[in-house]
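This document starts with one chain, in the form predicted on its own, laid out as structure tokens.
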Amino acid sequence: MKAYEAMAEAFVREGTTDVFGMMGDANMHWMDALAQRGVRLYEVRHEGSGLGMADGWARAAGRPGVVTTTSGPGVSQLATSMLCASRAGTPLVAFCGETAWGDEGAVQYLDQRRFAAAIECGFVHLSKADQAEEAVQRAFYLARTENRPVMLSAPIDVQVQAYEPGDYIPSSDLLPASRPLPDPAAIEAARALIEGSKRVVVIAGRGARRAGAGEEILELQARTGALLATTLQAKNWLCDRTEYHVGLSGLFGSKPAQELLQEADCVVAVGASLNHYTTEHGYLYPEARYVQIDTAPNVVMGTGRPADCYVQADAVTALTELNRALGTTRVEGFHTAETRSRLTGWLDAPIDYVDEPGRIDPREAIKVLDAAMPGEFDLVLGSGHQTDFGTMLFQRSRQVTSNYGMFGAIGQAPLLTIGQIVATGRPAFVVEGDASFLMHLPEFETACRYGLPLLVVVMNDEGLGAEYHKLGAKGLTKDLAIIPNPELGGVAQALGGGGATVRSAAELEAAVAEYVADPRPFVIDVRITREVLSVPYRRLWYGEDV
């Protein structure tokens, strides 16, 4: 057996079923060995795109995704997507071929260790053939335990050397089998803090959703009369299970939600890092004390200080103990008719949509999409000004993934969606801007090639929307950010998928119905007006109290 074959077998033992990437001299032996073992290979048009797909796959599957590149330029193409995955805390392994060990004169030579450090990923090097299995195990172990991407760099000459396989132990077998138990003293401190409070808010984050702590969170909310808010990465989670769900905590929250959250005297954060986006730099919870539940040894909040009470434990275990300690007493807290009225009133308020011939108000477009797309179709939100509307206004309970704030890179969301669809097998739609979609346009052809049920909704203002409005706020020339583009529905059809360009709510409804009836690679080019400024931008750039 060759080292590359042993490594391929080890990847399979680690649970690898799908690999995204592009073939080259330095990884083709390994890819061939994977294919012979039944692993599905997704050939992409750009290595960085493949990493974005592996990122989406990992987020959906709950285990490390896998991307592969050849040496040198194949590796350097990973930079932006690797940084995005690192900032998102995504576990994945990048199998990267390398030029022959020590051959610094090779045309594709790159110091891949130094490059990995620069793009914020872990690094494991295959220096000798007899380390083949150990290198794979270590890469996956680091990815799983540190929740980060890891580059496994394998020189081609080492890959093809002979190797005697051993009894491979998957990295998952090295992880603790039980959930970490909370310190009883920490639970008692949390109980005392909560019982001494009158206006409690529970913030559920991505970690809580991953842990499946929904029932425990709802029980805690009922006991304490708490409002339930979520971070951006858990948007709309549990919104159909409680009347006292305020939506997002942070800049994207509604005005009534922000007003209510400022009244809190206690915040219980579950699987949420409480970064400055969630707390709005301390604006939302000025008088609150914090209880934080997380599996990390400790977390410094976005305010730069630790929580008043920190409980290191699995979310389900910690909440079970906390609910038991709180007993059967029920507190009214925020659970009043007046609170319900404040929370529902803003949704029922009429909106004066902008009437511009040939263009749709983006708020109306989101309303149509939210109503027309079935709840079982997953949603991915991109970044940029146009995404603000969907981030705030999508209300239907569904699985939502957001790329907002992950290195601030546009164009990643469609890639995440492709990977997510491969992992789940479910149809999904992504809401993205025109510049973002066009950045990785060739990968729509990848979705067509594999027949994936992907819907890309392009909120098309024919420009760089964020820069257009920032230029206006700064008194600069807004038109510099306008970039006309062709009808993208037709472009999608030329690439082998379905597509439509829509300029009215009725046309949008018809296009969505066409996709829902037959989920397949499809682009809806929604021509939106540039005359509507999103609520977050009104707050950030004009200081409006909205």
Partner chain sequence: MISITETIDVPSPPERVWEVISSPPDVVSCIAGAELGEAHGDGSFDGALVVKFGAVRVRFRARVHLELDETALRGMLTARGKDGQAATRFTAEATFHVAEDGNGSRVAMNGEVQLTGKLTSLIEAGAGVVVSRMTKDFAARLVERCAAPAGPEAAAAVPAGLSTAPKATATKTAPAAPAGTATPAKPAARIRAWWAALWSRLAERSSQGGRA
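Predicted, not measured: the structure shown is a model, and the values here were computed from it. Positions refer to the first chain, counted from 1.
Form predicted in complex with its partner chain: not shown, discussed below.
Undergrad: Ok, 262, 424, 161, 397: which has a heavy atom sitting within 4.5 Å of its partner chain in the model of the complex?
TA: Here the answer is residue option 262.
Undergrad: Though its partner chain is not shown, can you say which of 258, 317, 323, 312 has a heavy atom within 4.5 Å of it in the model of the complex?
TA: Contact with its partner chain in the model of the complex is made by 258 alone.
Undergrad: Give a yes/no on whether residue 285 approaches its partner chain to within 4.5 Å in the model of the complex, heavy atoms considered.
TA: Residue 285: contacts its partner chain in the model of the complex.
Undergrad: Within a 4.5 Å heavy atom cut-off, is residue 1 in contact with its partner chain in the model of the complex?
TA: Flag for residue 1 set to no.
Undergrad: Quick check on residue 113: any heavy atom within 4.5 Å of its partner chain in the model of the complex?
TA: No, no contact at 4.5 Å.
Undergrad: Residue 198 versus its partner chain, in the model of the complex: is there a non-hydrogen atom within 4.5 Å?
TA: Contact with its partner chain, no.
Undergrad: Within 4.5 angstroms, counting heavy atoms, which one of the listed stretches 371-379, 204-212, 275-283, 325-333 is next to its partner chain in the model of the complex?
TA: Answer to the contact question: 275-283.
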